[in-house]
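Below you will find one chain, with nothing else, as structure tokens; this is the form predicted alone, and questions on how it binds or moves follow later.
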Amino acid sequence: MPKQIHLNLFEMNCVSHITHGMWRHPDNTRERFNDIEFWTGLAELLEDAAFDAMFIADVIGAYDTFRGGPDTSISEGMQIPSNDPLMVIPAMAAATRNLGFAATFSTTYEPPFAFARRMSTLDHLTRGRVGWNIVTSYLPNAARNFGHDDEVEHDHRYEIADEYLEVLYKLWEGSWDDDAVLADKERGIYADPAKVRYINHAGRYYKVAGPHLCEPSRQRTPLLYQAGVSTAGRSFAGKHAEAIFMGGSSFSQVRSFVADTRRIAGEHGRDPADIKFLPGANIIVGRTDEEVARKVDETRRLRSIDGYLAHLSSPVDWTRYDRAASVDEVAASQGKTSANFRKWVPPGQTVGELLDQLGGLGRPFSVFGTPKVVVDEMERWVSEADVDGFNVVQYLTPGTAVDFAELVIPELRRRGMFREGYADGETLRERMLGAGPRLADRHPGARFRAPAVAAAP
């Protein structure tokens, strides 16, 4: 039987998320992101197509490196203004029955206790359809917004995140017993105090007494997404993540990342198959080659070079240089030779080649064609890179989602690669992992279920 894949739509509560300049397209509705109907309508569209979830990105600072300030980001609507991703989920959940929602939240700058309550509340309101995309935040402006002079060092952020997760597991998994809630009207006892406990966590970064303020929700711990391909990110993902949204510079790098992260998961005593890998998918599909060519031309014509350079936090304004100039020579003249800089500016290019690649049209999973062409490439990645599905990038809202629902999903179903509909009432974890609504017994967070681990003194 063909492998059944998972599909998320990649979104953000802003005007220009990741396809910069496209909000200007006459058929785009991105400027309506402040309207609740924008979100409920999109959720209904995804539910009709049986998408697994809407995956909502977030940042907690402005991109203000390019040209020495935030002006380009602001004028482009490039992730500013942006709204809280958690706040739109209840309305979308009310408009749907089965669609899942994965929201981004950072572990670096806000304490875990209040976040634990927000996510438990969402898990109750969605009846177990919520996931959390765990990030550690990387923007210098984000650090300054929360009282720091500069970014917290990269690997240190993951050390903080690891303890953050421990606190959350204690709250979500260990603070309340499964049968703590009695709702006994005759005796006037809602919950049994003997089955609700403090966690009394005292670690290097956090001191949290508990108890958790929410009774157990269907999943308790939301489905855990993670994004990051660094060494520290892979180590963290192998321990904690259940679904990984991933990038990468090439097909071979993605395949290597998947294999290495599954290995790390095994070292933590987990089943490597308990992690689902979902690369970002840049797909432009049409009924004919001519329709595809027209859509690609529109994308190339509308893409904003300034927007992409701002998003990349480029310390060099490449638009000031001749297209024939050597990237290496320009970088050397500007003193930009760090490994971090080289991750997105490979050597040996001209300025023109660098600028032409901006816009997602050259990302590892980028395919533009008719449904058969698109699904052939999806099938190759599933087969040869061992990925489990895709995070579909929106070039046009809601046009990309509409095209995917009308053209790609029928071809996936024809090949037996995608569900015909939902199992009504399933949680997001049950849909993604095929087991129960709770963390797998082999997951490191499951050990905090034992009352002794989170007992009061």
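Residue numbers here begin at 1 and follow the sequence given. For clarity, every value in this text was computed on a predicted model and none was experimentally measured.
Same protein, other form: the form predicted together with a small molecule, not shown, and the subject of what follows.
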Does Pro222 reach the small molecule in the predicted complex, with heavy atoms at most 4.5 Å apart? no
Is Ser326 close enough to touch the small molecule in the predicted complex, meaning at least one heavy atom pair within 4.5 Å? no
Given that the partner is absent here, does His154 sit within 4.5 Å of the small molecule in the predicted complex, heavy atoms only? yes
Non-hydrogen atom contact Phe10 with the small molecule in the predicted complex at 4.5 angstroms: yes
Answer range among 145 to 153, 293 to 301, 176 to 184, 129 to 137 for contact with the small molecule, defined in the predicted complex as heavy atoms within 4.5 Å: 129 to 137
Students should find that, of Tyr321, Phe113, Tyr109, Phe245, the residue having a non-hydrogen atom no more than 4.5 angstroms from the small molecule in the predicted complex is Phe245
In the predicted complex, the residue from Cys214, Val254, Val229, Leu358 that sits within 4.5 Å of the small molecule by heavy atoms: Val229
